[in-house]
Structure formats: C-alpha cells, structure tokens
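The form predicted on its own is given below as one chain in structure tokens.
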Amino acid sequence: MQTELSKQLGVEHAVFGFTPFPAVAAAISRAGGFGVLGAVRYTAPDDLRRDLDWIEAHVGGRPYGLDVVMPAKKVEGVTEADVEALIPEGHRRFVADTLAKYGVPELAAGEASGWRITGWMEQVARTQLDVAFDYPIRLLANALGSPPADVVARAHDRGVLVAALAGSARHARKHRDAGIDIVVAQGYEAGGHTGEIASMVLTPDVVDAVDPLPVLAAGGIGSGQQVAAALSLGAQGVWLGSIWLTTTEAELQSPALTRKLLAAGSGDTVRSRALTGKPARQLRTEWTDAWDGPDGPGTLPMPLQGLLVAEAVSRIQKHEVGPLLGTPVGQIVGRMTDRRDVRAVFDDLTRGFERAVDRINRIAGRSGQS
C-alpha cells in the first residue's frame, strides 16, 4: 500500500491514522503507517509535551504528525470565561434537566470535568504549536481548514508538511491556494466533523480540483478493499480515525463505551450538533435524540455547545450511563466487531488490499479477453 506520498514520508503503507491516544499513534507508525496525534484536548502545554515525549520514546524512530483545531483567522484577546458568559441560561437548564432525568451522578469534589473544546482558541492552538515544533513531527494537520498563513510558513520553514481537511472541492481549492501540501477529502460517512458529500463522490472531485497536490481519502474506510477503492479514485493514501477506537492500545475510559462500539452497526450513527455545535457524526444515543428533537432548545454554535456539554459528557462517561453514552465515530463502526491491536488491524488492511488488487486484475484480464 505504497504511493508517492508514503515514499516521500518514509512510511511503508499510505495509511494515516488520526487518534487522540499517544499509544495508538506510536503503534500506527511502528506498524508501517503514519500516526497522527490529535491535540485538541491538550489545554496545558506540559501535558502535550509529556505525550510527545512518550511517542518519541516508543515510535522507534518512525515518522508521525500532529492534528490541531485552529481557525484560519486570528481570534485574539478572547478568554474561555468570555465565551462561557455567552451561553444562555435556558441551555444550561436543559443540560441539568436531562442529566437529572437519567439520574447521572455529579463528579466527585475536585474531579476535573474532562475534555473541553478550547483548542480552537488562538492562544491555546498556538501554545500547542510551540510545543510541537520542538519535536521532529513530519506533518501538521488542521481540522478547521487551512491554518493561518504564518503557521503554514512556520511549518514549511521546519520541513513540516501541512494538511487540511475538506468536505468539498471548493474547500479543497481554498487549501491549495493557501499553500497547503496535502488535502484530506473527508466524506459524509466519516466520524466527527464532516460535510454532506459521500466519499465515493468527494474523493475524485477533490483529486481533480487540486491536482497535482496529494489527496488522502477519509470516511467509510476500514478495510483493505476500501483502501484499494480510495487509491483507485486517485487518492495518495487514506486517513483513518474511527477504526482505532476499539484497538487494545486505545485508552477509552469507559469499558461500556467500548462494548457499545463493538455492538453498533453502520446505521447506528447520526450527524448531530449536540457535541460541538457543528455537524459531527457520532453514535446515536438518547442524548443526541434529546438535542435534535423538537423539545430541545437547539444547539449553540461552536465553541459554545462544546463548552456547555463538556462536564455533562464527562459525567455520562465517568458513570457509564448507557442510554446517553456515545462518542464521535464513523459509519465504519459496523466493521469494528472485535478488539484487536493496531498491528492486527494493519495485517487485515494489507491482506484485504492484496485481495482487492488481485480481484481487479482478474476482472480486468477477463474483460480484455472478451
């Protein structure tokens, strides 16, 4: 599963694995892929430095990258408290009432409320970059489009490639014009923030729009056959996120959530604004139904929604409240039926890829004889 891009980066397989877990990122790179650590949950620079130190010690000298959530335009002088103050009291009551309806206990006194979506803020994202550029990362990816021009220049000065996610050919062309090196075409099937266009349509559209820039296909990919399909559409590799959530290296805090992912089918996800304020594919739960239903107050724009529900999500996960328990995940969840380590996932990807290529060659050969 090699392409020009994978050769350029010195990896055996053109599989780029996005994950919030350092152990998974390192294992992806060790298995011959390219691990990309998601940085949005790191609000303290020392925490990110600690985990990048861990990756450096466990990646075996293989290349890896970092994914940030950074707006293209600077937003300076805005604090988290400023943003919190914009959350309507009615929305706070809706959260409290929903948690009370399901009997969700409070967090223990002094217990941190967990992940908060603050990485989008200018000062937080830039502190992440200050840390990251002290390490030999080979790729900087941005989940909110093209990062600011000075960040692109800073990465290029260090020999770091810059990638940005796109949900349409129009978005992709904007990335190309901003000096981005790699475009990730993220289809409708993908977990997390995603657009309206399915991967089968989006990938070739983006490939044509930004040629000769390399494109990675994302969304609905979790088997070697699907990797082969992505490359046949012109992609230089694949960007996988959901498939790693049930690996043994993943650090999901809730065993019940892991069981729920393993039992879910491909139709058990929904694109909802309930988590962040932007459409994000996730497990459908009674929590998403409450927000998306006619009796809900309507979700708030990003980042207000994320700040509003952060503690609630932590409480739901901490106490494993089944009906409300969910996570961002793509439609590929239907193929995530057992716990395997990252190496086993790669073995399955490579075998499936080889079978798919052989099948295409046989079909093409027979067609040529008729």
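Residues carry their position along the shown sequence, with the first being 1. This is a predicted model, so every value here is computed, not measured.
One more form of this protein, predicted in complex with a further copy of the same chain, exists but is not displayed; see below.
- Note on contacts: among 245, 283, 152, 233, the single residue with a heavy atom within 4.5 Å of a further copy of the same chain in the predicted complex is 233.
- Contact with a further copy of the same chain in the predicted complex, judged by any heavy atom within 4.5 Å, is made by just one of 272, 226, 98, 128: 226.
- In the predicted complex, residue 205 approaches a further copy of the same chain with a heavy atom inside 4.5 Å.
- Among residues of the shown chain, residue 196 is one whose heavy atoms approach a further copy of the same chain to within 4.5 Å in the predicted complex.
- Although the partner is absent here, residue 201 sits close enough that one of its heavy atoms falls within 4.5 Å of a further copy of the same chain in the predicted complex.
- By the criterion of a heavy atom within 4.5 Å, residue 266 is counted among the residues contacting a further copy of the same chain in the predicted complex.
- Heavy atoms within 4.5 Å of a further copy of the same chain in the predicted complex map, among the stretches 300-308, 325-333, 23-31, 339-347, onto 325-333 alone.
- Candidate site formed by 44, 89 and 94: none of these residues places a non-hydrogen atom within 4.5 angstroms of a further copy of the same chain in the predicted complex.
- Shown here without a further copy of the same chain, the chain has 188, 189 in 168-192 lying with a heavy atom within 4.5 Å of that partner in the predicted complex.
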